[in-house]
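Taking the form predicted alone, here's one chain by itself in structure tokens.
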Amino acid sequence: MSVRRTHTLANEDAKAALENARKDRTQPVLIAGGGIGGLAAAVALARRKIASHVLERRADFHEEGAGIQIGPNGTRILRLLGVAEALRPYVAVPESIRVRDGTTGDELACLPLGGWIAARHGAPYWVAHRSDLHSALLRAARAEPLVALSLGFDVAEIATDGQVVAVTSTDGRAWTGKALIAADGVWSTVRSLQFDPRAPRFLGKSAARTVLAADAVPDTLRKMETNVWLFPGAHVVHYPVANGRELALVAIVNDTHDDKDWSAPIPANWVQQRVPPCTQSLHDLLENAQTWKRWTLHTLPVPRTWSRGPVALLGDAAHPVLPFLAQGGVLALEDAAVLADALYRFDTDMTGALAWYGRQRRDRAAHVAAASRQNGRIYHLSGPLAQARNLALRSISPQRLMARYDWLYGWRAD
């Protein structure tokens, strides 16, 4: 039996819970974290007739953030989970990604989405509020008799004998399961206790995000498309959400302030001071946004091993991906689908199932993480390198540029 200590009382509780659990082999899969990845895992397991228990640290379920882009590799999974139809009224379907020079406003490329990408990959490209996606997953989880949900459970201790896992909270509560899935984010407690105690590394950049009502958006930008504005050392992204009634706006800029806060309020001029001088329409858009929140960006190497016995990592706990490819949330959906498949295939062999899951996912996650970092470098180029980038974007056909991401959007869980 292995026990990782963070709290003496919780340690004794974990040992006692583990001893009791050995007598009961009809244990659920424990999932630490009730965000997008954790809820998706619970719903995916329920679709495979596998019981789970989601342990959420916060006192209530809510999802911070502004928007989320869900490529075909994500919307296919939402269909598999049975939540796509519930989410559909809250999404927008952009017709294109319009890439612009932020300083001059010149268009560099107009990449096809809409019907083109849906036909190419058999599923649409959606954009939505993160909270709308989270709410759809939460409703699906609550409707499942095989999913239990517990709030205010802050993981303090983990004990396992290789067959059963016991988890205790900082207030002494304990739950047991046949496996534990760490879906508790980039600052994962489970990862630090069971896998790697190193903290994520600050990138020196932050993402400021907000949501605007459509009537606060300049007419020239009120279109069903995603816009990306490129600057030296920064970029701005915006796209419609809530079926076009609102606009999600994100500015990624250089920053020196490092903290763990996912949603720290910042003054409006914080963004305006850090985005370089820009074209008038973007300036007006940024000026109209008055309520911003900051998310500091961190990186962590994708671990070689995603599981240890009956404990495994999922989503940002395994692979915090930088937001330069719009794939962080979608990778968590992919993880959830593969995890459920693994536990279904291997049935009672939790250790074997989770090891297989990790092998299936590691190379994919590492590829996406590397591509995202590369995208960030390209977005933030300056001088002659930026000029060469702009020339390439203008010279290559939009369809050919998008075809380079077939490996990303064409991924399938089945």
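Numbering starts at 1 and runs along the sequence shown. What you see is a predicted model; the values in this text were computed from it and never measured.
Only in words, not in the display: the form predicted together with a small molecule, which the text now covers.
- The three residues Gly33, Asp154 and Ala183 all sit with a heavy atom within 4.5 Å of the small molecule in the predicted bound form.
- Contact between Arg57 and the small molecule in the predicted bound form is found at the 4.5 Å heavy atom cutoff.
- At the 4.5 Å threshold, heavy atoms of Leu313 stay clear of the small molecule in the predicted bound form, well away from it.
- In the predicted bound form, the small molecule sits within 4.5 Å of a heavy atom belonging to Thr189.
- Interface membership of Ile68, defined by any non-hydrogen atom within 4.5 Å of the small molecule in the predicted bound form, is confirmed.
- Comment: the small molecule is not present in this chain, but in the predicted bound form one of Ala174, Ala86, Leu111, Ala207 has a heavy atom within 4.5 Å of it, namely Ala207.
- Taking Trp295, Tyr90, Trp292, Phe195 one by one, only a single residue has any non-hydrogen atom within 4.5 Å of the small molecule in the predicted bound form, and it is Trp295.
- Residues placing heavy atoms within 4.5 Å of the small molecule in the predicted bound form fall in a single listed stretch, namely 295-303, out of 295-303, 220-228, 140-148, 339-347.
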